[in-house]
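Just one chain follows, in the form predicted on its own, and it is written as structure tokens.
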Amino acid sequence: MDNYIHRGNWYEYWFDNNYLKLYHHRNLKDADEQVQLIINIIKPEKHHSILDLACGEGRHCLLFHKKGYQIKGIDLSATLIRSGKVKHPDLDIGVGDMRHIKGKHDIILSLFTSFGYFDKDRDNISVIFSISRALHPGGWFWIDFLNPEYLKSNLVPDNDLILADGTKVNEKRFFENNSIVKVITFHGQGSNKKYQERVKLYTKKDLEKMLLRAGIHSIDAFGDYKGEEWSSCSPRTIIYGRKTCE
């Protein structure tokens, strides 16, 4: 039976309280490694304006904030922003759309697969152009994305979980139309709720081409949060570059 909780754009409904319940275990280890890598490579000044796109509850923002950097975060999900503000009232995070970024910034971050949410290439490309417009000339962009080759070799197609409150969760993963799709079904309290995540897959070369079209020159790439050199076997595709034109 088709029991999706909503129809339409998955990213407009999935990031709710069930998302928070499923991913409550996420810790700051990976986030801390990447934040330190960004600081080591870009060497931002404390007065620089940093923006974290699709910041969720603000775990990366929190780490930058603790180190004394001026960082803002935006996310389309009011639920995640509200939860983040309850946990960390000092953070400057708010509801916003990465396709329409406000203001100008010295550094913009797209972390933990916060790109490729749209089915059509032109919509994902529009995000890159939005980022470019929101960067000062010479500003930095850092994107942390999936590596499609690694993903195809290491996909776990199906797994089951039991959450702390007894809710059973099934996760199914598959490839469709050059996207990675995850269907998440919650079984509990006499009803099922089904959600979907769908991320369009782009290679390192695809991303570099999109960035260049938007006036952002890629400088280098890493394959993980420790800063290892990127290869086709790397678990992540982490690219950083600078805006070269207005």
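Start at 1 with the first residue shown and count on from there. Predicted model only: the values in this text are computed from it and were never measured.
What comes next is about the form predicted in complex with a small molecule, which does not appear here.
Mapping the unseen interface onto this chain, residue 129 falls outside it, with no heavy atom inside 4.5 Å of the small molecule in the model of the complex. With a 4.5 Å cutoff on heavy atoms, residue 147 does not count as touching the small molecule in the model of the complex; it lies far away.
Among heavy atoms of residue 59, some come within 4.5 Å of the small molecule in the model of the complex. Proximity of residue 15 to the small molecule in the model of the complex: non-hydrogen atoms within 4.5 Å are present. In plain terms, the part of the chain that comes close to the small molecule in the model of the complex, with a heavy atom within 4.5 Å, is 48-56 out of 205-213, 174-182, 64-72, 48-56. For the marked spot (11, 96 and 114), a heavy atom within 4.5 Å of the small molecule in the model of the complex is present in each of the three residues.
Put simply, of 76, 151, 169, 125 only one has a heavy atom within 4.5 Å of the small molecule in the model of the complex, and it is 76.
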